[in-house]
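Quick heads-up: it's one chain on its own, the form predicted alone, in structure tokens.
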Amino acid sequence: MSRRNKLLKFAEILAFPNVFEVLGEYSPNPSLSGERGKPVEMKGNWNTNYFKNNNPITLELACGKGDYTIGLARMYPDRNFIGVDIKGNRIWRGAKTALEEKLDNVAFLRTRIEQIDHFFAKDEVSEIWITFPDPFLNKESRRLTALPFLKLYQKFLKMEGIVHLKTDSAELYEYTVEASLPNQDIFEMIYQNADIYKDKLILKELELKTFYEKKHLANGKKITYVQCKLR
């Protein structure tokens, strides 16, 4: 993508009512801006101030273009969905689609996931999806299922809240499964499958395919899935 196109998308996304941007990306106390840069306080207020209902909230972390966020929102109009990513030019596509389709149960949050606890209150989130994230093969601590991240999710995920990981990375899959054994006080492994399309899918949500998943399948890669429950 050209620099000009990126700048155009950044300018357009600032006017989107369904996108919230971090202010102070590396600050210890970041805040958020909403439409046209207006400062907003969303922590504990997503249902009241944005969705205008009490429906459960699901996050898609490292959402990219928001394929899963949009797909889940279409599938479950009685739930709310928030896609989270640091790349504004990626979020642009999902946010624009949501506006075009009038999906009022969708929002996007542009922030580093390391800061996510600043924007959600205790028990505000019911479920998390992590779909085809960077596996960080040379830096385990940055994996979104590493213990520090799971402890971060505990701050705002409801008790017994579910975390889903869908990935083509065998390394990330195995790492997540193995990590559950010594950390059962933090999270409980509910289900694991190293090749989800070999058998009948256990969840309707797994039928959704992101842009990257389609590429992985075309290249003959196996798609893995983990479902765990935070304690």
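Just count from 1 along the sequence shown to find any residue number. Only a predicted model underlies this, so the values are computations on that prediction, with no experimental measurement involved.
The following text describes the form predicted in complex with a small molecule, which does not appear among the structures shown.
Contact here is defined as any heavy atom lying within 4.5 Å of the small molecule in the predicted complex, and by that definition each of 87, 90 and 212 is a contact residue. Of the heavy atoms in residue 140, none are within 4.5 Å of the small molecule in the predicted complex. In the predicted complex, the small molecule lies within 4.5 Å of some heavy atom of residue 113. Among residues of the shown chain, residue 134 is one whose heavy atoms approach the small molecule to within 4.5 Å in the predicted complex.
Interface residue remark: residue 62 is counted as part of the site for the small molecule in the predicted complex, having a heavy atom within 4.5 Å. Residues with any non-hydrogen atom within 4.5 angstroms of the small molecule in the predicted complex fall in just one of 92-100, 156-164, 126-134, 73-81: 126-134.
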